[in-house]
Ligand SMILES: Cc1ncc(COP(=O)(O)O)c(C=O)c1O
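Okay, here we've got a single chain as structure tokens, the form predicted on its own, with questions on binding and movement later.
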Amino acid sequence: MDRASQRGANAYRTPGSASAELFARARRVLPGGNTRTTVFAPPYPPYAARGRGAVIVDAEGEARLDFVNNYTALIHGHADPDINAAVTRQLADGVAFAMPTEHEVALAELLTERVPGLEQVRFTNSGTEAVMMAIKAARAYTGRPRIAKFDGCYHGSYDFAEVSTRASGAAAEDGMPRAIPYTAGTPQAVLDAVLVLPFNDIEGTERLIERHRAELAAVLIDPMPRSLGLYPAAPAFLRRLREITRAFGILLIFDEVISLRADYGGMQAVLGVTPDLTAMGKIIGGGFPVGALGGSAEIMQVFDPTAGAPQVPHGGTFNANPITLVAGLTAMRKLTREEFARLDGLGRQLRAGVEEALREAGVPGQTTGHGSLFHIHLHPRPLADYRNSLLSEEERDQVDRVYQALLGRGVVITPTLFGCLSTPMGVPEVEAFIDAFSAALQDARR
């Protein structure tokens, strides 16, 4: 992509643009013109037309480097030729059957070889479903009704997992976070079934878990939560959490739907803590809808139908469908240790370049992330939990200006300045991002 394309003027914002007309059509048949909250940006988003490699082209024909990659799912970028070829071959043989196929066996074998916490795997169609089934498995295995999760952390759209997805605001009398609804109409019984814990607070977390240990089936945690700005769980905190849960017979569930792309064995390999169950998604589907959960064979037997009705029945018309599985298997085989190491080097270069651009511009800020994941924070506050990552109105306005300026300079990133790399990228794309970000800081000031 040439530099002229990178200096596009955001033509999608022009009245009468193709994106404007598509949004007007969408408003008539979709609530708010939208079917996926995360991709909406006021007054309306640019509409994608096509993608190739690291580049995405909008309905106006403007090309931009894509550092969103469908919220981290497309680790090989757009229209990867190897994935496309595998899917095309499978299309000729059928897209879904009321029978299992060899493809699910092969991808499960690959995942159990790579990820420390996996002995057996079960496939779903989304990360939300993977988390949901992990929670159900924990309840069945332990015979306990409640789960615990951390304040402000996002785990998909299952009622129990989304409690206190936004920070709980005023704390309870003991200073600890409260269970609050994320979705209007959430029953009180759902809130009562979830214990909310303070992220990276060993003392508070240990006190709450010990107090409710007899009721808790599982503790659900993302080891590097995107909703907290990709600030990872402190190793000492995570190790102590593993000790506490094991001591009380509580299952530890890792949500690695996003963070699995951080390393060959996921963040659990980086941090050296092995959970009882792991929820996965995104990259393991090669760009197609996917989810999976896995863990020890002892725990996963709650799904086993070979001895009669399983404790946790689990159907799903498109679970482990061969199109997704061949795409995922191809994608994961391409992700060798060497490729992860290359992406890690590019990620380090990008984060360092962004921080240098911030210093040169005199803008307080910092970056977080690991491997191919990064998040830019336009504030200098120490990051430890959700509350420290919350932005003031002025900071949100600054983030929006930088986001819009990056779009105008040929770079797609999320509106919160969270992003990721893909394997079609190299040093030129990282340098282009740093140059665009440096210029966007100046644009935002103007």
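When you see a residue number, it is the position in the sequence shown, counting from 1. A quick note: this is a predicted structure, and the numbers were derived from the prediction, not measured.
Although it is not shown, the form predicted in complex with the named molecule is what the next lines describe.
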In the model of the complex, the one of Lys136, His78, Lys282, Arg351 near the named molecule [non-hydrogen atom within 4.5 angstroms]: Lys282
Select from the listed residues Val257, Ala218, Leu277, Leu228 the one whose heavy atoms reach within 4.5 Å of the named molecule in the model of the complex. Val257
Only one of 320-328, 299-307, 106-114, 124-132 gets a heavy atom within 4.5 Å of the named molecule in the model of the complex; which is it? 124-132
Do Tyr154 and the named molecule share at least one heavy atom pair within 4.5 Å in the model of the complex? yes
